[in-house]
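Form predicted alone, single chain, as structure tokens, below.
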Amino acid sequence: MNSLLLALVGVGMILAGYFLYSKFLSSKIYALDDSRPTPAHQLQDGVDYVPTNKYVLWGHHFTSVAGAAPIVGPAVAVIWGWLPAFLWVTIGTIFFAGMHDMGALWASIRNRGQSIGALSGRYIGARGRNLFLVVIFLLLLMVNAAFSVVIANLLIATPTAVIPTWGALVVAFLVGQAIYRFRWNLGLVSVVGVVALYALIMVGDNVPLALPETMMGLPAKSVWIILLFVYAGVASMLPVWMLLQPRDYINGLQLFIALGILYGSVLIARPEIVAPSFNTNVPDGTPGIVPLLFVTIACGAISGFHGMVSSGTSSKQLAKESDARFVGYFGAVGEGLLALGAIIATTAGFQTLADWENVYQAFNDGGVNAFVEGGGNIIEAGLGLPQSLSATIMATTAILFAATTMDTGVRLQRFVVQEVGEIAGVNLKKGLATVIAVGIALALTFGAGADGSGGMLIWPLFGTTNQLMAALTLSIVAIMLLRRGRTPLPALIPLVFVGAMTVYALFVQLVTFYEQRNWLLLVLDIVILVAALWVIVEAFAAMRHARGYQGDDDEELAELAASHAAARDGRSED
């Protein structure tokens, strides 16, 4: 099969989903209404609540949710063949991810920008909220710890990406000043920012930088991890407009350019896909495709982390309700296109089936490195760019996305720590909450040794925890729809499917961890499974109650607003 045909069909399906299905969702299901003021205007504070141009916000949202996961997941999942991964990415993006991401935004903006964790307390109950926070906390811990390791490995493997990776921070800071302080034209700022970023890529390709093998007794990888957490902790406390928003916006543009380079190379080179459509010769130890496909590809099909970003930061910056369609659903479209590009790069970027099988000798052998190598080969064949520059572009793209997810993840973890503090009656300041969030992630990362290997210890549970989070978010959306007398089917169908596959996968992993005598993952799996089943039961009970709901959401919301304002007044002393 030619990769060009796969690209055309995939892109056509995903874009049709945006132009048709998202329009239906925004008008008939969510009933987005621009006459309603959003939390960004109601609670504007210049730090977290900032009314934002929808294109800038889309860049922030998209790059925060994308990270490395839509690359890693498909790059691993093609071990079962390219067709199952292709179908799950395209159908998942259209009917699962877009609906979920826009739904989480809608749910949050209709509740004064509250997070999914807080909303679970309102719509499912205090017990459900507490269990929800356990799942959220573990998910963010996995993301922050694992992404720091992934980025550190890429910086060591591709030293040409060091200068563009850190130089992008300077570019983003200047872009933020240009947009918000000097009010420059957005189009001009965008062009200058992207040109500066690609100039850094050219410089980096010619001036590779590598840390010494050891510094103060620590290996280079550990030093990179510490530097990344220091950066993420500082970035998470700055006003969103100063670094996070402009950084994510420029990264979002850079990603679309990188995707354009990749898809353009496919158009010119038209490489054949060397991997089988269904792989019947999988390596020993490869788990069954069902249910593992549906948790291996999380981001790129549907991801609970998206709901946390939607309700954690993006909802606080949405200028108009109708922008939720572009920011939320089109954010999922961007991620679907990235996942589709990863499938093409990792199945058509090799010369022969034997070359491909040499990379995929065991489950989890693919990943970012296969994407960088395969994508680099396609770009070299299509546009004639040198292999080194092609690999630098791919590596920089992957690193920047992982880094933006990490700094947003630390910010969200800080919110969770503060919410837990509120439940416990303790008002945690922003700085202390950030130290706790970063400290726990660092403890996990270095808990197994100075090489940072602990960062990947609990990663095998990321997919199931992430999908579980998506199902729980969909349950809140379904409850809200029921309370408004609208059909909950667009949320219920993906909720039931994702929930069933995730619980099934948790049981499969439970057996695997027991056979491997991996007690840490076994205990965590049990904790997540119990929390999942408990919240699911509570959520469906809440749905039954919502069918007969006779109250007034607006009155309840007014009461919620009063308590929320009081809580914010307490935090304003930070």
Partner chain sequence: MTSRRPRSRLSQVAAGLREFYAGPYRRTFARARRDEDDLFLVLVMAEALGVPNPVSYYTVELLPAVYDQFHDWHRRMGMDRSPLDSISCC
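Residue numbers count along the first chain shown, from 1. We call the rigid core whatever largest set of C-alpha positions still superposes within 1.5 Å between the two forms. Here the structure is a predicted model, which means the values were calculated and not measured.
The protein also exists as the form predicted in complex with its partner chain; that form is not presented, and the subsequent description refers to it.
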* Asked: Check T473, V496 and F540: does every one of them have a heavy atom within 4.5 Å of its partner chain in the model of the complex?
  -> no
* Look at the stretches 372-380, 153-161, 241-249, 220-228 and give the one with heavy atoms within 4.5 Å of its partner chain in the model of the complex. => 241-249
* Asked: Pick from V50, A505, A532, I29: which has a non-hydrogen atom within 4.5 Å of its partner chain in the model of the complex?
  -> V50
* Which pick from W459, F95, Y180, F446 sits with a heavy atom within 4.5 Å of its partner chain in the model of the complex? -> Y180
* Look up in the model of the complex whether A69 has a non-hydrogen atom within 4.5 angstroms of its partner chain, and give yes or no. => no
* Distance check, R411 to its partner chain in the model of the complex, heavy atom within 4.5 Å -> yes
* **Close approach of A319 to its partner chain in the model of the complex, 4.5 Å, heavy atom** => no
* Give a yes or no for T63: in the model of the complex, does one of its heavy atoms lie within 4.5 Å of a heavy atom belonging to its partner chain? => yes
* Has the Cα of D407 moved 2 Å or more between this form and the one not shown, judged after a core fit? -> yes
* Asked: Does superposing the core leave V290 with a CA shift of 2 Å or more between this form and the one not shown?
  -> no
* Does superposing the core leave F95 with a CA shift of 2 Å or more between this form and the one not shown? -> no
